[in-house]
Ligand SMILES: Nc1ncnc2c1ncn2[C@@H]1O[C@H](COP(=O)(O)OP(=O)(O)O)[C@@H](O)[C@H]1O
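Quick heads-up: it's one chain on its own, the form predicted on its own, in structure tokens.
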Amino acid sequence: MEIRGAEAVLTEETYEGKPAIRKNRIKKAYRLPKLDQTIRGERTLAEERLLVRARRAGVRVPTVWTRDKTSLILEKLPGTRVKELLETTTRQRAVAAAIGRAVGKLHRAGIIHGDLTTSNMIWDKDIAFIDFGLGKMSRSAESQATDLYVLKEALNAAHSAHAASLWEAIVHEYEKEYPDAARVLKQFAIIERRRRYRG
């Protein structure tokens, strides 16, 4: 199976007998070849470091089995995509609570996921996050609040029937997990107002 995104191609394979995913960053024809190679290499290394830091922070993420200049070979996590699960399970609030705790752990460690959608989450008794390709390190309230804003927008778009209760459970656990949550949620409210009335 191959999945092609804007930034990378994902292919299923095995690594030392274990199910794995190869994530290879796509060449960009509009960039000079040497610059393109440098950018792809830097982003591949940055994603590996974010995954390692997220695991140290107590968040379930794929293990990086190995890396070359522009690709990662990652553990293929078992479980169900949360995007699918939230439409069928009766445990929506429990899953949402786990999301809130995990995001709190990431932010406490200064990690911004960058693409917090339920397509980038897997459930197998607990939550796991995948695809840190847009992530970065930051402790700024603006960056962390933007992470939350992306998540809330994703819930509204993909799970509108449950979005309000899901968001309530996420925020409740986020506040319990992250000591600086009040500062981030204050900035989140500013971002919501700013984007609601822009233009």
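For clarity, every value in this text was computed on a predicted model and none was experimentally measured. One-based numbering along the sequence shown.
Same protein, other form: the form predicted together with the ligand, not shown, and the subject of what follows.
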Next item on the list: Examine residue 87 and determine whether its closest non-hydrogen atom to the ligand in the predicted bound form is within 4.5 angstroms.
Entry: no
Check: Is there a heavy atom of residue 147 lying 4.5 Å or less from a heavy atom of the ligand in the predicted bound form?
Finding: no
Notebook entry, point to check: Is there a non-hydrogen atom of residue 119 within 4.5 angstroms of a non-hydrogen atom of the ligand in the predicted bound form?
Noted result: yes
Check: Does residue 21 reach the ligand in the predicted bound form, with heavy atoms at most 4.5 Å apart?
Finding: yes
Check: Do all of 100, 171 and 184 end up near the ligand in the predicted bound form, with near meaning a heavy atom within 4.5 Å?
Finding: no
Notebook entry, point to check: Considering the ligand in the predicted bound form, which of 166, 130, 50, 154 comes within 4.5 Å of it through any heavy atom?
Noted result: 130
Item checked: Contacts with the ligand in the predicted bound form, stretch 55 to 83 (heavy atom within 4.5 Å) -> 62, 74, 75, 76, 77, 81
